[in-house]
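So this first bit is one chain, no partners, the form predicted alone, shown in structure tokens.
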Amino acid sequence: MKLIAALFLQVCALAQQPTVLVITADSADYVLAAGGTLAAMAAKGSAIHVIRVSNEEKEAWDLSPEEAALRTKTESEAAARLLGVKEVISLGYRAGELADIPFTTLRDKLIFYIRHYKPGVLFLPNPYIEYERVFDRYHTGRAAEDAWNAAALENHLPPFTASGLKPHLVPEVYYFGQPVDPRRRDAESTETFVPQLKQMDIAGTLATKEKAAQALKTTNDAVTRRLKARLDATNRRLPALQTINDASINALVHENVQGLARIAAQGTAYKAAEEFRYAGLAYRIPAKYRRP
């Protein structure tokens, strides 16, 4: 009982820390799924650090992998600045090839950053989303979730501990993902054992989020051109894409950001929202062990 009570008090104390760590496979994923929430946290004084795992070199149109990687890195940093992010650390893995990286190799790198920054809040890709076609997000989410657990355990990576990177417990975790599965809101269990649905009001930061998403120019250009190619191949037309230029690409991003915000706000009083699976202070600590 005393041990559990002490753990809960430690969790509550850590939750007051303003540092936020975001782990993401690519820039578009966290910007579209969590950009509004992060902008609000930054505006309130949180120091936000982003770990970008892949270099996104394959999400480009008519560019060499080297040029694409350079552009997406620059654009990812510009988007992050718009959200109020303090820094972006790019690990430089080739996009679409994270399945070839040993699971523990990626996990241990992420443990390093969790212990280094000692965040009070962690954002990670939800590896349990169905029908996610970007498998880098799945592999990153799995490694990040395991890193969250392992970073708090003394016997994981003793050399880290010996060098001063002590175990760290992150008390709040937001699993992010763009809402695509209509079954995503089915109740699964109690909040103690399963991360619960949490919807965040982003009406005040939606415009900032949209600007950040539009800053990812290389990715947006490739997505738009591939969409038009698919439409042309099936003799379909989208009036907004009759001509592809900066204006039409930004208009497509606008519709995407606004549409995601509307979907996430369904069932709430919010006009615009983002939704997460949230493992907060109650996670894994049953109510009967908690002090009032």
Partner chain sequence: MAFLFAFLLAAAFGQTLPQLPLPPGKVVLVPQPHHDDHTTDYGMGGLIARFVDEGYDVYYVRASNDEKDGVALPAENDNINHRESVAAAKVLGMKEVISLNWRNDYTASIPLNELRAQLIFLIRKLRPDIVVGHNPWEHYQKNPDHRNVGRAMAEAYWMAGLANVHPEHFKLDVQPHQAAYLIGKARLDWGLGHTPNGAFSFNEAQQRRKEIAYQTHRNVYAHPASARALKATLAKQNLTVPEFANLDDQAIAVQMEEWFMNWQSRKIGKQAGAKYAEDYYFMDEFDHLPGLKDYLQRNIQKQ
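For clarity, every value in this text was computed on a predicted model and none was experimentally measured. Numbering follows the first chain given and starts at 1.
What comes next is about the form predicted in complex with its partner chain, which does not appear here.
Asker: Which residue among 48, 252, 39, 265 has a heavy atom within 4.5 angstroms of its partner chain in the predicted complex?
Answerer: That would be 252.
Asker: Answer yes or no: in the predicted complex, does its partner chain come within 4.5 Å of a heavy atom in every one of 92, 166 and 280?
Answerer: Heavy-atom distance to its partner chain in the predicted complex: none of the three under 4.5 Å.
Asker: In the predicted complex, is there a heavy atom of its partner chain that lies within 4.5 Å of any heavy atom of residue 225, even though the partner is absent here?
Answerer: Outside the cut-off, so no.
Asker: At 4.5 Å between heavy atoms, is residue 247 in contact with its partner chain in the predicted complex?
Answerer: No, residue 247 sits far enough from its partner chain in the predicted complex that none of its heavy atoms falls within 4.5 Å.
Asker: Is residue 29 close enough to its partner chain in the predicted complex to count, meaning some heavy atom within 4.5 Å?
Answerer: Although its partner chain is absent here, residue 29 would stay clear of it in the predicted complex, with no heavy atoms inside 4.5 Å.
Asker: So, in the predicted complex, is residue 134 in contact with its partner chain at a 4.5 angstroms heavy atom limit?
Answerer: Yes, contact at 4.5 Å.
Asker: Heavy atoms within 4.5 Å of its partner chain in the predicted complex: which stretch among 167-175, 76-84, 198-206, 96-104?
Answerer: It is the stretch 96-104.
Asker: Heavy atom within 4.5 Å of its partner chain in the predicted complex: which residues of 225-247 qualify?
Answerer: Going through 225-247 in order - heavy atoms within 4.5 Å of its partner chain in the predicted complex - the hits are 226, 227, 230, 231, 232, 235, 236, 237, 238, 239, 240.
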